[in-house]
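Heads up, the chain below is alone and in the form predicted on its own; it's given as structure tokens.
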């Protein structure tokens, strides 16, 4: 009997080689389906004409690097968070500040507007996600109504409300994502699968919205089923950290921006990367990406202070926007698609149209 005992290390080695073999086999099967590139299919599509986008508003008031921002569904208000520990709600038309909250920690790396427009969520180095209800009374002390919802074991990197104000999705430096109930602060589902810090997430745009995508320091972009907590698709073609992920408006694809100085497009139905947006001259990482409302343009904020605008179908750069005086850290297209807002380490936010 003793002769048949297998050393645990042998078993592990055997399983490892088996999983590697299966991985290779999967890659081969995937490659068989890879018969055409996106830019080849799009050759007959009309090229985009010249378009001019300018800074229409500059929002000044943060005392340090702007780290995150989000639009309200009313297409007018913006919430932003900064390394100075402040979270500010702005009116993007008038540039007025409507609310300001000072967080107990600096480096507020995540903020999000609730779908109803009646609350904002934020967090960062305090390892938690706090929700602040917003009232019409400008003088009210928001901090008194603060509700701690999510607790992680490392910094909060991103947060997003689901389709209601009642649930919030968070990602963290502890390598997990989690879904929380806002009222009770209860953990509804946790998502394990990243081997390092999770840096970003985005919810699928469908009404039922049962999937989301996350990207992290393990160079992986994972698609998750919110109900089961399972990772249903994983893409690993970037060569460095993935800083930003964003679904294509139809929900059938998503884009990612990475420290490897590229943005990439992944098709969920084809289960593979279909486009790379890069240029020899772009050597700095992409910190943030977002699509125009039609899905034809991809905006990328970069660490060399610029915003590059890509033609999604043709894979070419159609514009480059200058204005920020330090790296662009966050970028979001407004809900109606008429403008987009970028936040930067130069302490300001800019609204472009």
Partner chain sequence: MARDMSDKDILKMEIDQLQKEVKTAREPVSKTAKELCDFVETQSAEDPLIKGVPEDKNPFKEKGGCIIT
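Numbering follows the first chain given and starts at 1. If you superpose the two forms and keep the largest set of C-alpha atoms that fall within 1.5 Å, you have the rigid core. Bear in mind that the values here come from a model prediction, so they are computed numbers and not experimental data.
Just so you know, the form predicted together with the partner chain exists too; it's not on screen, but the next bit is about it.
- Put simply, of 265, 150, 245, 109 only one has a heavy atom within 4.5 Å of the partner chain in the model of the complex, and it is 265.
- For the residues 276, 231, 125, 282, the 4.5 Å heavy atom test against the partner chain in the model of the complex is passed only by 231.
- At least one heavy atom of residue 197 is located within 4.5 Å of the partner chain in the model of the complex.
- Contact check for residue 322: no non-hydrogen atom falls within 4.5 Å of the partner chain in the model of the complex.
- Contact annotation for residue 98: none of its heavy atoms lies within 4.5 Å of the partner chain in the model of the complex.
- For residue 295, a non-hydrogen atom is located within 4.5 Å of the partner chain in the model of the complex, even though that partner is not displayed.
- Residue heavy atoms within 4.5 Å of the partner chain in the model of the complex occur in exactly one stretch of 237 to 245, 99 to 107, 128 to 136, 151 to 159, and that stretch is 151 to 159.
- Interface residues of 30 to 45, taken as those with a heavy atom within 4.5 Å of the partner chain in the model of the complex (partner not displayed): 30, 33, 34, 35, 36, 38, 41, 42, 45, in sequence order.
- The Cα position of residue 338 differs by less than 2 Å between the shown form and the other one after fitting on the rigid core.
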